[in-house]
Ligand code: GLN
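Next up: a single chain in C-alpha cells, the form predicted on its own.
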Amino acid sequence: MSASGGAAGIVLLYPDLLGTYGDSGNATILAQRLRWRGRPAEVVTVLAGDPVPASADFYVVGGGEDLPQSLAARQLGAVQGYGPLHRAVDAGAAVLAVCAGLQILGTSFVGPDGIRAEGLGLLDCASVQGPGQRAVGEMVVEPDPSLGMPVLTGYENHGGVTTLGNGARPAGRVRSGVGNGDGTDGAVSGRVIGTYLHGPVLARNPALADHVLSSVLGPLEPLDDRDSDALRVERLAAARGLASASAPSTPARGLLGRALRRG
C-alpha cells in the first residue's frame, strides 16, 4: 500500500462494463491530484474477466446498464461471497462507487430479469426498481457533515430506489434531484462511498476527491482549486437559477483534459 512510501495504486474496475457518463475519469482525477502534489500514482485498469488486485489503495467503480451491472457483480464475488474487493477494503483501501456501482456494493439490487440479485455487502443498502419514471437530470447534494466538504453537484440517470440499513449513512441530503429516493443520496461506511452522482463526480467536486485520497493517505498538501472547482460552482449557480444564459459552460471533459495537461 502506498501509505508506506510507494506509488498510490488506483484500480479502475471494469470500465468496459461500468463506464457510463465518463465515470472512468474519477480514477484520472485521483491520480492527477496526487501528482500535482508531487506524489506518485499508478492507475491500473481491470477489464471484465481480468483478475482484480487486492493490494491497491483506491478502487473506482462506475455506472452501467442492468446486464453489465450483474456481470460485474458476479465477477467481483457477489455470488461467491468474500472476494478481492472485500480483502482490499479490510486491508484499508478506499472505494468510490457511482450509480450501478453503488448498487453492486450494497446487499442486493434488481438484475436484468427483474429478480433480486446479490450485492457485495460492502455497504448496508438495498436497491430496487422505483415505481415511477427514471431520475434524470442535475443533482445537488449537501454532504454529510462528517465528510467536511462543500455542496456536491452531479448528474443522475437511474431508475432505482436505494434504502439504507443501520450499517451505513447517506453521503448527503438531496437539495435538488432524486438520489436514493428518500431525500438522501448514496451511502457511506468507513472508506467506502457510494453515490448516484455522475459527472464524473470527482471532476466536478475536487473536495470529494481529496476526501477519498486522505481517507487512506492522511492529510494532503493544499492545492489551488480555483480552476478545478469552476464546474461545481457553475452547476450550483445554474441550480439556483442564477447562471447567465450567455456565460460559457465548462464541460467535465475540459477539466479532465486540463488535469492531464497540467501534470
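The model shown is predicted, which means the values in this text are computed figures rather than measured ones. Start at 1 with the first residue shown and count on from there.
Beyond what is shown, the protein has a form predicted together with glutamine (GLN); the following relates to that form.
Q | Among 63-71, 27-35, 230-238, 50-58, the region lying within 4.5 Å of glutamine (GLN) in the predicted bound form by heavy atom distance | A | Single hit among the candidates: 63-71.
Q) From the list 94, 100, 123, 140, which entry has a heavy atom within 4.5 Å of glutamine (GLN) in the predicted bound form? A) Contact residue from the list: 100.
Q.
How about residue 204 - does it come within 4.5 Å of glutamine (GLN) in the predicted bound form, if we only consider non-hydrogen atoms?
A. No - in the predicted bound form, heavy atoms of residue 204 and glutamine (GLN) never come within 4.5 Å of each other.
**Q.** Contact of residue 134 with glutamine (GLN) in the predicted bound form (heavy atom, 4.5 Å)
**A.** Residue 134: yes, in contact with glutamine (GLN) in the predicted bound form.
(Q) So in the predicted bound form, is glutamine (GLN) close enough to residue 157 to count as touching (4.5 Å, heavy atoms)? (A) Flag for residue 157 set to yes.
Q: Enumerate the residues of 179-210 that have a non-hydrogen atom within 4.5 Å of glutamine (GLN) in the predicted bound form, in sequence order, or give none.
A: The stretch touches the partner through 198 alone.
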